[in-house]
Every structure is written in C-alpha cells, then in structure tokens.
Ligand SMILES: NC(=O)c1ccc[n+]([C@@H]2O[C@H](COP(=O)([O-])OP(=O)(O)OC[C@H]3O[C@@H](n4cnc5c(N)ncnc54)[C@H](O)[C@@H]3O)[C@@H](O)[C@H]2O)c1
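In structure tokens, the next block holds one chain alone, the form predicted on its own.
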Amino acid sequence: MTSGTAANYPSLAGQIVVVTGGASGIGGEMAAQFASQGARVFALDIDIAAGQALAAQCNAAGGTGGGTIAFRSCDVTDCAALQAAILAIGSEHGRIDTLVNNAANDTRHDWRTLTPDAWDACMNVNLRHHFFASQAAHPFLKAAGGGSIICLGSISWLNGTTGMVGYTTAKSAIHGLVRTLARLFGPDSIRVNALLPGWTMTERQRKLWVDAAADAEIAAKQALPGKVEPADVARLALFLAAADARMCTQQVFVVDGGWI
C-alpha cells in the first residue's frame, strides 16, 4: 500500500463504501485508500486470510485517517450471496455511498481449448457480478441521495491482447453496462463510470506474468516511463467517488501510462 501521497477528499469521510475483490491487489489498495480518507469500507472477497489481514492492518490503532475496513467473505459469482451481503451492509447503515465492482480473474487461457463452462466462469467473475451488485446497491445509493458506482474494466481488449479471450470479452462489455446503468440510475443522482487500469503491478501480476519480456513490452508501449501501481488506480477511484466528480457519469477513465 502507498499512503500519504493521495489528495484529500473531505466528501469521502464517513462514506459507506463497498469494494468487491477488496482483499488484495487493486481492490485491496482501493479499500485501504478509501479508509485513509475516513470512509467505512466493506471489502468482499473469497480470500479470507488476505481480507482479514488487510482489515487488521488498516484498523490498527483505531483506523487510518478515521476510516475502517470490515472484511466479509463473499464469492461474487454466487449472486444470491453477493446481493445478501450488500443488502446486509445497506440495511445496517441505511445507505451505501459508493460501490466499486472490482473483483476479476485474468488467468490466461488458450482459445482452442476453452470450454463452455470455462467461458461462463469468465463471464460470471468478470462481468455478471457488476450488474447484480449494482442492482442490489441501487436502493441504498438512492437512499443516500445519490452516489457512485465504479466498474473496473481493462485496457486488454483495446490493446490487442489475445491470451485470455473470455476475460477480454467480459471486460469489453463493461462499457455497455456502464452506459446503460448511468442512464437508468442518473435520475437518482447515481453516477456510473468505468475505470480501466493498464498493466498494474499487483503481487499476483509480478508473481505470475511480469518478467523481463513484460518489462520490455511495458517500456515500449506506454507513453510514460515506469509502471502502473495499484495506488495509481485507487487514487482515480477516490476522485470518482468524491463530490468533486459530481457531474462525471457514463464515462471511461483510463490509468495505463498512455498505452492505448
């Protein structure tokens, strides 16, 4: 996690924020950054150990920046469980201010051996939960007088990536979902935007796929030197959830160092 360098958004203090896939990686960084702004964050994830560790770290000594993280075990591909978790959070607090649909799985796969079941699994974890989480959160965002839904997309379907066709197909659909939900939810002052990270240096990416060849590709294709870190993505999520972004909706925001 990176702390102490993000802008301060007073409107985030006291917000009720739900982050799917919030135990580690980009989602974990988002959870930590929202807590550092004074938000009450609920991180939903299947990784119990990582989620509990993140919450314990951020909540030590009374929390960071006045905010807290509460971890809740949840498989986002189980729509009933996902919606029940959001219902419980919203009912407990009477509102939800920000929903971040972040959970994803970008495991590489060969199109020649991809099965219908594996295809459906790609859709379920990378796309389907965005809608059903938003559906469940809508009444609580409305009760808050409006709020923000942030759907994590990817530049992978825009930059010619071919090694994970199920993932890239699902992520391309995020654009259509965001544009539709923004129109549906707009009358209730709920903003819906897509946030597209570039190749982000999470622990998972560094462990599995970032090698010398990847370093060379990033250096060749990004307009900016250096690498995209989880904190770079999280800081844009803070803006999109804050009152500063009150007239930003139905848009795509890219953090990729100028790759696409």
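The numbering used is simple: start at 1 and walk along the sequence shown. What you see is a predicted model, and the numbers here were worked out from it, not measured in a lab.
One more form of this protein, predicted together with the named molecule, exists but is not displayed; see below.
- No member of the trio 110, 168 and 259 reaches the named molecule in the model of the complex with any non-hydrogen atom inside 4.5 Å.
- Segments offered: 52-60, 218-226, 193-201, 31-39. Contacting the named molecule in the model of the complex at heavy atom distances within 4.5 Å is 193-201.
- Contact with the named molecule in the model of the complex, defined as a heavy atom within 4.5 Å, holds for exactly one of 85, 178, 144, 125, namely 125.
- Note on contacts: among 136, 76, 150, 89, the single residue with a heavy atom within 4.5 Å of the named molecule in the model of the complex is 76.
- Although the partner is absent here, residue 26 is a contact residue: one of its heavy atoms lies within 4.5 angstroms of the named molecule in the model of the complex.
- In the model of the complex, the named molecule lies farther than 4.5 Å from every heavy atom of residue 98.
- Interface membership of residue 46, defined by any non-hydrogen atom within 4.5 Å of the named molecule in the model of the complex, is confirmed.
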